[in-house]
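Just the one chain here, laid out as structure tokens, in the form predicted on its own.
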């Protein structure tokens, strides 16, 4: 373990060595992973990742290093490497790096656990999950289940952050996630359904996310698609989308292209670019649409109150009443755009430097009930869940394939249909929304970005929405 005195000492040494900015982060992640195959424990391990990350700005160059050696010598060596990296890069960068001014925190916070992860024996966790799986009836004749898996993961993330311009943050955020995959078939047709359920908190999350209900619901969706569903209609028609698809679209077609580093082209080789590099009209879609990214939602999977540069977290309005608004910024990109950071800097562990990331991205709800969304649809389709999706590097052309979907005829739900494909541009998606539901549901995910990759916990959310006259 390390203390703030040691972190502050390293920051001081960096400044005395000539750095314009220094940031030292102790970052520890304690974990437990359990893997079940067809209801039987197949593997278990307890990872521990712990160390210190150091970033400095020296003569306009940015340097980063990390170490798991927490001795004074190990920290000094890491600082020397960070300064050497910054010094050498300062001669090559066209635009000098500046850490933009920001309101910085001096705070300590933690997430409440009702069932402490560290106090609960691993055997009790295993037995609890096995019992939940035993309670589920996987039989849905004539549908056959070839296999099903369940992964349980817990992470207790502890951080201490000190920056040369005044941030001092200590945080402890435990998270629990459940990921399952079901492979099913009926005759010649095959399908699989995966789902992730996750939140911040203790072992009580396992009950909170309602694992048994979710698996049963997905089994019914697979049965509907494989056994009962018919071929879908084609052409232009009204489409109602469920919160699961809406949340995915918010993450992929709004969240990622709103990352300032993508807009600057810095993610081009790893994760693509953004239509916001070139799209200049502020009005982007229906005035009904507001899209928010909010790290401060209590119990959320992407929860934090201060980012990894010490900036206080808040709601970020990416689209406000149909108009493109904020980008997601860290302090470096904020300086480039001459704005203040909105606390979007996150690092997956001590070996990674903070980069611009989403947290919990969602479309704000409206005031329609589900019945009101479909009651004046003469001919259309309701897509409740997706089976697969694709989106291009600019986050402009998207494709969603439905797993569970139904005909809408004269304002009523009709027969199920399978393999419904919605191919649509991001602009058309938002422009054709004419009604938004009053419900709001979130799905969990692990967002990938960076090189090396930095997996990051997020929520994606939204209500039911209605799109007029889109092509299936």
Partner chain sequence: MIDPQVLAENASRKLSNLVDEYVVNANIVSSVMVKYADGEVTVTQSWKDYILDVYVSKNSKINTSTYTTHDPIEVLSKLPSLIEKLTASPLYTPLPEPTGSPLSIIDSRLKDSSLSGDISGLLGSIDVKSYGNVAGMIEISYSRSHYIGSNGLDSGFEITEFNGYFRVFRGDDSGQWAWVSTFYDESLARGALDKASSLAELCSSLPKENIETGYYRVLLSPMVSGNLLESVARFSTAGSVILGFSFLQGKKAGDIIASEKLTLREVPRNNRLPNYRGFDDEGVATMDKPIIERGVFKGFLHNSKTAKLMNEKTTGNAGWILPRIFNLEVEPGDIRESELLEALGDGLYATNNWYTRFQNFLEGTFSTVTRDALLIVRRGKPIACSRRARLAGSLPEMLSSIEDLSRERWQIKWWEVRAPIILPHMLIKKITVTSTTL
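Predicted model only: the values in this text are computed from it and were never measured. Numbering follows the first chain given and starts at 1.
This next part talks about the form predicted together with its partner chain, which is not shown.
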Taking heavy atoms only, is residue 396 within 4.5 angstroms of its partner chain in the predicted complex?
-> yes
Touches its partner chain in the predicted complex: residue 77 (any heavy atom, 4.5 Å) = yes
Residue 64 within 4.5 Å of its partner chain in the predicted complex, heavy atoms | yes
Interface membership of residue 263, its partner chain in the predicted complex, 4.5 Å heavy atom rule = no
Pick from 93, 116, 339, 136: which residue has any heavy atom within 4.5 angstroms of its partner chain in the predicted complex?
-> 93
Among the candidate residues 408, 34, 436, 417, which is the single one with a non-hydrogen atom no more than 4.5 Å from its partner chain in the predicted complex?
-> 34
Thinking of 143, 228 and 376 as one candidate spot, does its partner chain come within 4.5 Å of a heavy atom in every one of them in the predicted complex?
-> no
Heavy atoms within 4.5 Å of its partner chain in the predicted complex: which of the stretches 199-207, 366-374, 77-85, 293-301 has them?
-> 77-85
Going through 183-197 from first to last, which residues have a non-hydrogen atom within 4.5 Å of its partner chain in the predicted complex?
-> 183, 184, 188, 189, 190, 191, 192, 194
